[in-house]
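Just the one chain here, the form predicted on its own, laid out as structure tokens.
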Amino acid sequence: MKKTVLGELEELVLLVVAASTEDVYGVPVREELQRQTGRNFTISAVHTTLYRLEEKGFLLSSVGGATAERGGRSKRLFALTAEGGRVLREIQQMRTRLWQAIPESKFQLLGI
């Protein structure tokens, strides 16, 4: 089976959606990304990433109801798929193996 490679923003967005207790749309994803990373993300970068993850089969989207605060426009809501969960678990396991491969003496040598 071919390994899936995600870019950093793709991984971060997928993690934020996975951590959400309900389906989410772009604005709260962007806010949580900024809160967790301390970095700025444009809403267009977040939307592009959400759609790309949907194309890859890691997210599903549905159209939510129209809201007054959005001028009657609907929100596109995103949810994690089983395949998205699988790829996150795969990435987590790979990162854990890499971290465990670093000898503690390396950190001591660097004074950290």
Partner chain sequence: MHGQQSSPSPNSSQPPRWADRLLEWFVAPHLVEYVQGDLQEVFYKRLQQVSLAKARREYGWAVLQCLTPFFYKSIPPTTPGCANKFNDYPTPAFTSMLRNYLKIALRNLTQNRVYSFINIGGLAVGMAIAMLIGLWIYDEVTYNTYHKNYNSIGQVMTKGNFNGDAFATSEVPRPLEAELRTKYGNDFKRIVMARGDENHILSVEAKHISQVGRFMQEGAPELLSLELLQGAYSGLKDMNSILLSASAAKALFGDADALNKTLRIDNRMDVKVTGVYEDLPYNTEFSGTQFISTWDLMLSDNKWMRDAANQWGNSSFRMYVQLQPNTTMEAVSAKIKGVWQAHVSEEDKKYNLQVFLNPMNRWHLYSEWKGDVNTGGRIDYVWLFGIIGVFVLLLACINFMNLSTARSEKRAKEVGIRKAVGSRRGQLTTQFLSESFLIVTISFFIAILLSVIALPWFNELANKRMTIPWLNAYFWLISVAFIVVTSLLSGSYPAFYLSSFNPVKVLKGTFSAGRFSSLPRKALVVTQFTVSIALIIGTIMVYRQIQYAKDRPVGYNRNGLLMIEMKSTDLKNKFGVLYNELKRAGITEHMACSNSPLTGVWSNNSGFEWKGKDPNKTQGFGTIWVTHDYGKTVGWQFTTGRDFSTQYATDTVSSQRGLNAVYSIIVNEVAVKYMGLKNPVGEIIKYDGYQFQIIGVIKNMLMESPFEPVKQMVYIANYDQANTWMTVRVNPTVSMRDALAKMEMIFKRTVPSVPFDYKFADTEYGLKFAAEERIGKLASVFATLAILISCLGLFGLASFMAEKRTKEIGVRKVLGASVLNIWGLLSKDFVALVLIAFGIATFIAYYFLTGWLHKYSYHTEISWWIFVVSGVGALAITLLTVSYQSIKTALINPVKSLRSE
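Since this is a predicted model, take the numbers as computed values, not measurements. Residue numbers count along the first chain shown, from 1.
From this point on, the text means the form predicted together with its partner chain, which you will not see here.
Using a 4.5 Å cutoff between non-hydrogen atoms, Glu83 does not count as a contact of its partner chain in the predicted complex. Among heavy atoms of Arg73, some come within 4.5 Å of its partner chain in the predicted complex. Though the partner is left out of this view, Thr42 does reach within 4.5 Å of its partner chain in the predicted complex, counting heavy atoms only. Remark: Thr37 does not count among the residues lining its partner chain in the predicted complex, judged by a heavy atom distance of 4.5 Å or less. Contact annotation for 23-41: residues with any non-hydrogen atom within 4.5 angstroms of its partner chain in the predicted complex are Tyr25, Gly26, Val27, Arg30, Glu31, listed in sequence order.
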